[in-house]
Ligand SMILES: Nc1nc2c(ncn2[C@@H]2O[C@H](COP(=O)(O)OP(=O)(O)OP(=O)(O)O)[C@@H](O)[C@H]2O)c(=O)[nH]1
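Take a look at this single chain in structure tokens; it is the form predicted alone.
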Amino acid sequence: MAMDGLGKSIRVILNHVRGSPVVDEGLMRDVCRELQRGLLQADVNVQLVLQLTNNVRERALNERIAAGRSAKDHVVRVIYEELVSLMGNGEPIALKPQTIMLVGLYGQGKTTTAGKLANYFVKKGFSVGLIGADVYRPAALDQLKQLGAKVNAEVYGEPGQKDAARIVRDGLAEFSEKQIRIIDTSGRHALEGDLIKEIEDIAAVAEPDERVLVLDSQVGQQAGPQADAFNKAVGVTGIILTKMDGTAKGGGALSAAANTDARVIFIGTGEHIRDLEPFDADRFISRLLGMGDLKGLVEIAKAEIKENESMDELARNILSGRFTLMDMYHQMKAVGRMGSLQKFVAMIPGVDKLEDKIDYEATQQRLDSFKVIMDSMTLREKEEPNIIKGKRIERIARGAGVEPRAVRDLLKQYNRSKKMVSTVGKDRKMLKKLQKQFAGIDASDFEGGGE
């Protein structure tokens, strides 16, 4: 999770507020001091930190408290809302046919982001064409082709051609029937005059709907000057922040970018091609504070879980009292496609109370081992786990390269899961609630979630 340290420090502050006997000047002085320390450690701009804490103090002590809300709940809500405001929020990228031009310096993750962006639109049902206009980095076009092959997007490039604007003109003509056309441009070590001229020429030829600046979030507050410089050159309409997984400077990059006219539209949260998510300040802060993001979790599930692994099928199995190892196998594979276990768990409200007790690495290894074991089973064994005994256990263990006790551990876990599923299946109201959640969730249901 991005800015993990900031999240932990603010969660300590919120617990301090909830445990205080009264909300007064003394409490708010302590709260604001700790907020300032946490935000500055996350590299957030000093002036923005002072502005935020002044707003928190003023609102907490003087703003009228909503009916039915305690003074402590009011303080928690104020902190939450001010953090959301600090991070900024703009219009998300439109889901319509368009041309997108990516710009940025060397090493910011531009080409990888082009592949991730292509994957995002392919998942939404659009046809995508990638245009390789980086004429200086020798491996750029090859890298783009590899990414395009992964996400089912065509790639256009002209090896040896040094006129980037010409490549873009020819590429746009080649991809005239594509709904989404993404242009990967050259980078530089600094904002040199020839780079500015080149991207101005490309912008004139392409007339892109979106001119997106790709920024490495590790540059922190330097994101602001870079955004301003590129904005003057081509009129940046959006920003994608890369490497937001675990960086201590993410707050600086986010707040600096949010302080410009261009909005943050995506954040990169890992190395996998799927690790690009639309930026939503409200949901970002909710996850940061351990309040979860159930809507985001469901959206990822809808995008990643195949038809035969859907909630509807699982619900039918629960209703019929049938839950097999095959069901368990599909669920584990689906969770795996949804990202790292830590990222998945962070979307569940209240996880902050458990995070210190979870050994993510050991748990992930155990899940991976379970999948290998189940790959060594026959279809009948996965459908009828009760037949797995004696020699079958030994054969499965040999096939998976594990000890027989690992197979028995899997069967024990399956029986615990089956028992839990059976309990849910008897509760029709709970089941209907689950089905309703996966059919569509109103984000307002979870604002300030987990409280």
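From 1 onward, residues are counted along the sequence shown. On a predicted model such as this, the values are computed, not experimentally measured, just so you know.
There is also a form predicted together with the ligand; it is not shown, and the following applies to it.
Just one of 252, 208, 148, 268 comes within 4.5 Å of the ligand in the predicted complex, counting any heavy atom, and that one is 268. 137 is the sole member of 232, 123, 169, 137 with a non-hydrogen atom within 4.5 Å of the ligand in the predicted complex. Within 4.5 Å of any heavy atom of the ligand in the predicted complex lies no heavy atom of residue 77.
Although the partner is absent here, residue 109 lies within 4.5 Å of the ligand in the predicted complex, judged by heavy atoms. Among heavy atoms of residue 82, none comes within 4.5 Å of the ligand in the predicted complex. In the predicted complex, residue 73 stays away from the ligand, with no heavy atom inside 4.5 Å. You can rule out all but one of 157 to 165, 222 to 230, 371 to 379, 101 to 109: in the predicted complex, only 101 to 109 has residues with a heavy atom within 4.5 Å of the ligand. Interface residues of 210 to 243, taken as those with a heavy atom within 4.5 Å of the ligand in the predicted complex (partner not displayed): 242, 243, in sequence order.
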